[in-house]
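A single chain, nothing else alongside it, follows as structure tokens in the form predicted on its own.
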């Protein structure tokens, strides 16, 4: 079983429309570790050693957060700055994250049409997330296409919230059970567009190793 770590970061969980539901679902899954960074570090005093040990003990690292100003919430940025240090995540001797899978599970308030050259946000969401993709690349991680819920503010009103929670559950279980068809996954721009590529069965391919 592949070990999956989810690092969630929501500055105002009381106002969360989707992320709290995603976290609750993920917490119920066996083999999946969920860490709420804002609950653990309300004063931003991050235990770097603990966080690095957690990363070592897992094969898949999921960053789950609402997009804030085209980036991560502040604590997750602080976490990156402190935890992914030279000699651990990159640089001389910094290969502890090599070959681990990295997934962004994000919610965006804007509609998908707003994330294009002619839209209000001017850039595709994948382009706006490129600093995180480069972070993963520098750390020698394998960056999966992001899993995105657009128009998250109104998702609960049109049943997309339930569909997204179900999709997230399917992705996490597939990661845990080595059932994602990774070559096909890496061909996608966003995960699940139009559908999540899954292996037809472990017996067909023998599953996949994430290193």
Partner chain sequence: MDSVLLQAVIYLTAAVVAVPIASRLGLGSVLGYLIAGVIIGPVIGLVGSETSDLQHFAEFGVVMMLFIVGLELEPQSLWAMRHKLLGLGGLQVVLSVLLIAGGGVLLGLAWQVAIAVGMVFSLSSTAIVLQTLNEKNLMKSEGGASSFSVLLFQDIAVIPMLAIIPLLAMPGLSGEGGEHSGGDVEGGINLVAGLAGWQQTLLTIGAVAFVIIAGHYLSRPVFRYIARSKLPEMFTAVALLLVIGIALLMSMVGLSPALGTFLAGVVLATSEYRHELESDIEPFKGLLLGLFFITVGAGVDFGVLMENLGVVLAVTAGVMAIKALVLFFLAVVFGIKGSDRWLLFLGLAQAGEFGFVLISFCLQSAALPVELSRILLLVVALSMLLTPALFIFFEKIIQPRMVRKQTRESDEITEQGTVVIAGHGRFGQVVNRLLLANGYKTVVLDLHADLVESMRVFEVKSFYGDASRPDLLHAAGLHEADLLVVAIDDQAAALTLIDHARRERPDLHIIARAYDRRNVYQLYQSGTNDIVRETADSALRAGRYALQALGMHPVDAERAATLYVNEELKGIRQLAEVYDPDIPVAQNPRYVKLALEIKARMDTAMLSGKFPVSHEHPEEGWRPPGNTVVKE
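Numbering follows the first chain given and starts at 1. Values in this document were obtained by computation on a predicted structure and should not be read as measured data.
Beyond what is shown, the protein has a form predicted together with its partner chain; the following relates to that form.
Enquirer: Taking 4.5 angstroms as the heavy atom distance cut-off, pick the stretch from 172-180, 141-149, 53-61, 34-42 that is near its partner chain in the predicted bound form.
Expert: Heavy-atom contact with the partner occurs in 34-42.
Enquirer: Should residue 69 be counted as a contact of its partner chain in the predicted bound form, where contact means heavy atoms within 4.5 Å?
Expert: Residue 69: contacts its partner chain in the predicted bound form.
Enquirer: Given that the partner is absent here, does residue 109 sit within 4.5 Å of its partner chain in the predicted bound form, heavy atoms only?
Expert: Result yes; residue 109 sits at the interface with its partner chain in the predicted bound form.
Enquirer: Using 4.5 Å between non-hydrogen atoms, is residue 197 touching its partner chain in the predicted bound form?
Expert: Contact check for residue 197: no, nothing within 4.5 Å of its partner chain in the predicted bound form.
Enquirer: Is there any non-hydrogen atom of residue 79 lying within 4.5 Å of its partner chain in the predicted bound form?
Expert: Contact with its partner chain, no.
Enquirer: What residues, if any, in 1-29 have a non-hydrogen atom within 4.5 angstroms of its partner chain in the predicted bound form?
Expert: Those in contact are 11, 12, 13, 14, 15, 17.
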